[in-house]
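In structure tokens, the next block holds one chain alone, the form predicted alone.
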Amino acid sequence: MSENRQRYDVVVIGGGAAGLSGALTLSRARRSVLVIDAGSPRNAPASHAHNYLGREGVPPLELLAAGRAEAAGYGAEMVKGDAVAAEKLPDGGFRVVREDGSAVEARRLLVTTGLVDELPPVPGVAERWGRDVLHCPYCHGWEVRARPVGILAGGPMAVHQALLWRQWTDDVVLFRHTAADFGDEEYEQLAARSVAVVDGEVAALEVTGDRLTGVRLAGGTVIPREAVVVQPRFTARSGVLETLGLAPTTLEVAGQPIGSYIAADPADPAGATEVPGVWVAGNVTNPMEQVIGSAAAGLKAASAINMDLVTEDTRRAVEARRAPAVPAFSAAMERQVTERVLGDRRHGLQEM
């Protein structure tokens, strides 16, 4: 990774699918691009990424390595580190400061910093996350199809998750854990789909060797399970955006908070924010988006950024064209002025 200049057309903050897709698009548009990447992708614990047409089952880190190589092939530069602050400059551009104190400038910013999955504080959950502790059935459902799955209730999505995962297996147990009791209609739906409900707080996940084998309740009872579904809290990595005045918005389901995100202009599908010149894409603004959707969002944002720069470049060119012509100061004119000045000086010396 390198950094060859101090001012770029676009600085991309975040090197995941959205950021690298944006960098690729902008580099192919002959824009100077710098990607600042902290190197901590959200899906790093997962062994494979799914539903990415043409790259089904690709390891996430392999996908990102390929993306970096493709963007670099068109001239994008990469630098590893955290962008900790950004400020608007008087000329409309931006100054981005990294954790080591170094800074670069950009005409536009594309922020694709993603989110952090805050997991339930149940022993075993964090250790098994991305392997047999899961969240999205479209990402991992096929891999645990027809196997015993447990749903760890922890928010308003519990019943929804149980009914959804029932599509992949007929052995689903919903652990109510610390969640409030469900309503009659919800119990009827669960019963109709043969989803068992277990009351009592979950104490830990049981692991044998390197395999999840069950869910242990506070009373000591162990319910055999081979995979457990949790509801993380989706917290946007919004620090650098907050330094620009873009505060995170609370993400709610059924009136209950389950995370945060940075809102984009609802009238702009490309991800423009309230700060002119700043775009967002990927999970930082759409917590539910999958990898392929984040890549598409990066492409849309990059296209909008390039058109915004084209508009600015055109405006400046028109202003320059309309400006009064200034006669060229020829070499002959310069010699005449120099000779006149020297002559005046010699004349002055003779009179002394």
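When you see a residue number, it is the position in the sequence shown, counting from 1. Quantities reported herein were computed from a predicted structural model and do not represent experimental measurements.
Below: the form predicted together with a small molecule, not depicted.
In the model of the complex, none of the heavy atoms of residue 214 sits within 4.5 Å of a heavy atom of the small molecule. Under a 4.5 angstroms non-hydrogen atom cutoff, the small molecule in the model of the complex has residue 48 among its neighbouring residues.
Using a 4.5 angstroms threshold between heavy atoms, residue 107 stays clear of the small molecule in the model of the complex.
Put simply, residue 130 is close to the small molecule in the model of the complex: some heavy atom of it is within 4.5 Å.
Taking a 4.5 Å heavy atom cutoff to the small molecule in the model of the complex, the contact residue among 296, 29, 309, 38 is 38. Proximity to the small molecule in the model of the complex, taken as heavy atoms within 4.5 Å, picks out 122-130 from the listed stretches 256-264, 122-130, 199-207, 186-194.
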